[in-house]
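Encoded as structure tokens, the following chain is the form predicted alone, with no partner shown.
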């Protein structure tokens, strides 16, 4: 089906936030800290008339960004915890008048001692413990124990469109338009900060040029800043970050340190898994608790083991806060387990495919949290299909001892919010009858992934109407119910299922009448559906035991690459990506999601290095933060397997996050095949060179 948003975007008719203007609009800017830790001792401002300046004293409500923990101030009062922390806000009618504010505004500070090492931090945002079986008994049953430490670094979401909002005040109300993923997150933050009733705050998502998690929680901060200025000036205020500010100030993927201690029998059966996960949350908690949650739940990978202990901590450091990024903690821990599995296979001299086949989760098996998997558990299916498609064994044998390598990874990804998250959200979706069909009313956002199209397909099929008879209302909190955030691989499986129910209810109510006939006779009506958990799901937030997710998507990646023996540049040659996602509602878009996520994951593995210097991103521009371009992308063979999930729309599960989980470990395992023992990413040429030199020195006994 043609994308609902396709024509407007191709023709340029689609309006992004920087395309919008309002009468009397001002432009806003943020004055930020230049030190990673310290206190503010004085502020000196010498601006002529025409400027609006706001600080923490202009906030009518409590000075924090409402999310999970109320620890992050909207504007600093006296304490500074990271470089680029917001201190003051300035607005002017002339955008150029906001240049060189540092010559007219001086912030005096007293430096503190920053902490950049999460292991050295004495502030823990969240601790999580998962226990299954008897770990000591598991290690006693082991013939071999393999230890390993694996590290991942920051990664920038790098959406095409930078963060931007416009705040419009009026009559005791505040309306914010913006590029965002979660309108109701922004709505809640504004209600708290502005001390306004919910019906006095309206949030409207404009066309959004990508998110990848980077527009999940951060737009709440920017919306609050624009709203503070708009409230003080009494005029609309537009705030759009340039690329450098966006890279310097916004959230990134959490760096991680993951340690494995694994017991196995001589023939490769897992007997014990002891896993320690440390995530670097940066200066404030943001979403670190739930990122850690998904990370530890996925830390044991797609493997069955009776005796597991997982410990996780999210720690504070003095860098800009880290937050949501596609995969949400799972890419970090799945990287560790999949790199570890290949090291185990090498040590036991077992084929890495056979080792995975022997230990892969099957229907009826239980995960680390004790969740019993249903018939749609597909680890073996995706593994065998990917191995066959890629001719893995033939290439692995032929390339042994050369500069070419082949590696694979096996992974799973839970669809929807963790544990009782969906119950707490209590998401709603509505469907309104129109003269020609129906209109979808949800807060789920289109950020390039195809939400409007996929939802319209589900409704059209369930209603028995043509696709073109289905309209989609913009994500505007004044008109659409809170269907939850556009995150966590939930938009199709959770919200799509609600819409399917709405459509079936509407179809029953229409009876034998067409929408036009019913509308003419009775007028419009709206059907609403609220989330109810599938029967039998049980979860404990206290013990972290039970059914972590309604269902899992499954994937296997095979990466083929070549290493230049002189420059140590790595060239991906081919990628095989097999995914089992229940049902592909729109196969072309599903394949596009897999291709995009896979390319993003290869960038995570090889080139995307955030260089932090004194708590500041030192390479905050696209000249030296290197992402894969289409010219860098290897040919991809994508395979879609379908094992329908009973509680997803037409059997669908989530697909958005899963593709980024597997590429990085597959790359590292292919490099291992080439003789490089890499246990941290990105695997830059410098890191490969050091690994090769170390390997050579070790063999020489030096």
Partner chain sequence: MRFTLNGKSRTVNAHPMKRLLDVLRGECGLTGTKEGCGEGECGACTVLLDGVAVDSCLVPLAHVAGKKVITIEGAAATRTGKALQNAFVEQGGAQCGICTPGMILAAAPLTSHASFDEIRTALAGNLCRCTGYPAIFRSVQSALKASKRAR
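What you are looking at is a predicted structure, and each value in this text was computed from that prediction instead of being measured. Residue numbers count along the first chain shown, from 1.
Heads up, the form predicted in complex with the partner chain isn't pictured, but that's what we're talking about next.
With respect to the partner chain in the model of the complex, the three residues 218, 250 and 610 uniformly fall beyond 4.5 angstroms at the level of their nearest heavy atom.
Contact with the partner chain in the model of the complex, defined as a heavy atom within 4.5 Å, holds for exactly one of 430, 175, 157, 359, namely 157.
Among 381, 350, 524, 622, the residue placing a heavy atom within 4.5 Å of the partner chain in the model of the complex is 622.
In short, of 192-200, 446-454, 133-141, 221-229 it is 446-454 that has heavy atoms within 4.5 Å of the partner chain in the model of the complex.
Among heavy atoms of residue 363, none comes within 4.5 Å of the partner chain in the model of the complex. Put simply, residue 630 is close to the partner chain in the model of the complex: some heavy atom of it is within 4.5 Å. Contact check for residue 185: every heavy atom lies farther than 4.5 Å from the partner chain in the model of the complex. The closest heavy atom approach of residue 600 to the partner chain in the model of the complex falls within 4.5 Å.
Residues 10, 11, 12, 14, 15, 16, 18, 19 are the members of 10-29 with a non-hydrogen atom no more than 4.5 angstroms from the partner chain in the model of the complex.
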